[in-house]
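Below sits a lone chain in structure tokens, taken as the form predicted on its own.
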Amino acid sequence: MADKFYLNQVQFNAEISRCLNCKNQPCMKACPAGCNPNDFIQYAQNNDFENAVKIICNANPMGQTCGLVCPDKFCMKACTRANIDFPINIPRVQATILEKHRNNNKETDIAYNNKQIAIIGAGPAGMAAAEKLASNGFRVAIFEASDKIGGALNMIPDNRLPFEVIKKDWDFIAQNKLISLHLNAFVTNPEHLLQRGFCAVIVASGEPNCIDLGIEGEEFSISYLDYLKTPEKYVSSGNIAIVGGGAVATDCAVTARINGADNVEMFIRRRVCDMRITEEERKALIKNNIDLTTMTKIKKITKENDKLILYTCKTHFINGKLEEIEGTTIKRPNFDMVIKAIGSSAPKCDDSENIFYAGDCKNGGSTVVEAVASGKDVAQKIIEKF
């Protein structure tokens, strides 16, 4: 596994040697979690990996996870080398440092300040908030509705993020004895936790609802939430349609091919250039022979003899607005599965007295590092308040 996910020694040395030690540190300014690649790379150049690990983990307790899945629009885009040749692969450098040099000698003997905080959700926002609060003396109880940590991270396919990496980040965080984790603990009302004696509650429950297509025959489709949580239930060697063109839709498409689908076709309302995916994800689509049908909208789904039929129409831009093209609706037969992956949502939430929201349930769908940053920010508000 290490050969696939991490840099070998030659690659690692080549990447860190390219750092220009920029005084304005654009890579750090571009990181939502405030991690400083310039500093941890300088420590790595001097073989001081203990301090390199500290720099990463102090800023981002989910550093190894982020190192494997962070998009190239943050530190890599800001890297000065991008204007010279090509950016340093900072996320992979970060992940490699933690995989090879992190140990469990984190300082955990922290004085308890007699304040207890509850966190709903053990995803990246909840875990990051827990780490920051516990490091400042708060006792933290995390209530997770499912039977394992990770939240939405568990929907990222193993070929991009093995669960063992999530667990390595969590195990590092959980060394702090002020943190307790309660699995299979569904909380219906955050107010009840306040009544139990917690000073504050952080809700970091993610976006639990898949956005509907709003079309006739939608009941014949599968939500990406169901599909990516348990892809083994939906193994098919047939013809699979993915509705959507983002990172989650890409994960669905690649997973379907890995699971044996003969053909996977993504239906995307906009252009290829509008797809919000990384260069690595684009390469994965090509590598797995995923067909992209762009400027196309699904209007209806029907079922005949155990096969699904899509009715699609073409779209175009009129004065910057995406519209259907009249008279272009066609029938696309012989699909075995349709997966809708156009986004997710959560009930509207606003912070109230001692109840705070963090991560996707507050900010909408975001990257892992942005969820980490949100969790840290909310934790800081509580630290300042109490």
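Because the structure is a prediction, the values reported are computed rather than measured. For every residue, the number given is its place in the sequence shown, counted from 1.
The following text describes the form predicted in complex with a small molecule, which does not appear among the structures shown.
Only one segment in the set 215 to 223, 233 to 241, 152 to 160, 165 to 173 has residues whose heavy atoms sit within 4.5 Å of the small molecule in the predicted complex; it is 152 to 160. When contacts are judged by a 4.5 Å heavy atom cut-off, residue 228 counts as touching the small molecule in the predicted complex. The closest non-hydrogen atom of residue 86 lies beyond 4.5 Å of the small molecule in the predicted complex. Taking the partner from elsewhere, residue 265 is found to have every heavy atom lying beyond 4.5 Å of the small molecule in the predicted complex. Taking the partner from the other structure, the small molecule in the predicted complex has a heavy atom within 4.5 Å of a heavy atom of residue 146.
Site annotation in the predicted complex: the residue of 98, 117, 310, 248 reaching within 4.5 Å of the small molecule with a heavy atom is 248. Taking 337, 41, 342, 69 one by one, only a single residue has any non-hydrogen atom within 4.5 Å of the small molecule in the predicted complex, and it is 69.
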